[in-house]
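Okay, so here's just one chain, in structure tokens, the form predicted on its own.
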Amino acid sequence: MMEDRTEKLVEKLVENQDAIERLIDKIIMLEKTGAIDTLADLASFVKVAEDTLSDEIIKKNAELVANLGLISAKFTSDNALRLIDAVGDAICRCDKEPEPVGVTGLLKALNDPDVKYALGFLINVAKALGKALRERA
């Protein structure tokens, strides 16, 4: 009985020798590159996700992904990208720690053309935000 199984196994190995060699080469490549550890970690993650996620959680996550898509579309508009780029530039240009500003310092800052421009922008955003919030109320 055991000899029959062994003979069938040897026959199968011989018949599929090329495919088995290619598979072994791929396993060796995965091991040498460390990708096999990543695959094992990924498989563990999928198993944990499968064991812990309920249908309700999966449904909520699907809704979240759909909402993120809608929000993402808004944040990739030309205006949004221009604002994000400008905020990034502004943060990079702040090379010193901010100092506390009192009323006098605030009034003095209001004479700066860049501060005036930024405040104008913020007032436009505040107006649009107020309108959007009232529309959703």
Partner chain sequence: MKRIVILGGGVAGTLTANYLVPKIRGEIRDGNVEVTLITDRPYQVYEPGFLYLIFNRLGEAELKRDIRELLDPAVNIVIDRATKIEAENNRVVTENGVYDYDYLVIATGARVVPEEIPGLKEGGHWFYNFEGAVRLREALAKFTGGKVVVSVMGVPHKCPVAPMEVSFILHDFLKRRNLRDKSEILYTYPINKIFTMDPVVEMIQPMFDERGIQYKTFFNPLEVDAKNKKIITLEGEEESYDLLIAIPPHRGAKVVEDSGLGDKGGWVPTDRYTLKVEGYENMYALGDATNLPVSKAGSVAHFQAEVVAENLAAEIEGIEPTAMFNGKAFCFIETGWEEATYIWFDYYTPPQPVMPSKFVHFVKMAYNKAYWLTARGLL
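Positions refer to the first chain, counted from 1. Basically, rigid core = biggest C-alpha set you can superpose within 1.5 Å across the two forms. Since this is a predicted model, take the numbers as computed values, not measurements.
The same protein also has a form predicted in complex with the partner chain, omitted here; what follows describes it.
The listed set 37, 50, 85, 112 contains one residue whose heavy atoms approach the partner chain in the predicted bound form to within 4.5 Å, identified as 50. 54 is the sole member of 104, 33, 54, 44 with a non-hydrogen atom within 4.5 Å of the partner chain in the predicted bound form. For residue 135, a non-hydrogen atom is located within 4.5 Å of the partner chain in the predicted bound form, even though that partner is not displayed.
Taking the partner from elsewhere, residue 89 is found to have every heavy atom lying beyond 4.5 Å of the partner chain in the predicted bound form. Within 4.5 Å of some heavy atom of the partner chain in the predicted bound form lies at least one heavy atom of residue 66.
Proximity of residue 108 to the partner chain in the predicted bound form falls outside the 4.5 Å heavy atom cutoff. Taking 2 Å as the criterion, residue 101 does not count as shifted between this form and the one not shown: its C-alpha moves by less than this amount when the rigid core is aligned.
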